[in-house]
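Only one chain comes next, encoded as structure tokens, the form predicted on its own.
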């Protein structure tokens, strides 16, 4: 068993596509119309184009918004992405206008920072030491 796709719930797939590709630097892998405005829209790391896909999934289910709002309200990241250097990525993203709710914080075995993905989620970036 292996993980091939994971998802993040987004309130606007077009905005999510822009943020996750143009700002975070992921590459679009699949973009398949699913009826209405919904798309099967996945992105991957440019370093691993055949690796795990991140599905930018519409948050249309009635339970999604209250759940996401509760996570954000409590400062809890929806998911996390590994980076080689949290401080360098923090500086790069901040220069692009990304809002961080937590600046780089050394936690011993790892360093983290938390950003707002503009699509209703907090995302943690992590560097293992």
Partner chain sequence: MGDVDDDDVFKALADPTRRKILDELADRDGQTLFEICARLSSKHQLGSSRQAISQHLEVLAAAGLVHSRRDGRYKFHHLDTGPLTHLTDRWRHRDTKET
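Given the structure is predicted, the values throughout are model-derived calculations rather than measurements. Positions refer to the first chain, counted from 1.
Only in words, not in the display: the form predicted together with its partner chain, which the text now covers.
- Looking at 97-105, 81-89, 42-50, 29-37, the stretch with residues near its partner chain in the model of the complex, meaning non-hydrogen atoms within 4.5 angstroms, turns out to be 97-105.
- Remark: residue 114 counts among the residues lining its partner chain in the model of the complex, judged by a heavy atom distance of 4.5 Å or less.
- Its partner chain in the model of the complex comes within 4.5 Å of a heavy atom belonging to residue 124.
- Contact between residue 60 and its partner chain in the model of the complex is not found at the 4.5 Å heavy atom cutoff.
- None of the heavy atoms of residue 55 is located within 4.5 Å of its partner chain in the model of the complex.
- Contact annotation for 1-36: no residue has a non-hydrogen atom within 4.5 angstroms of its partner chain in the model of the complex.
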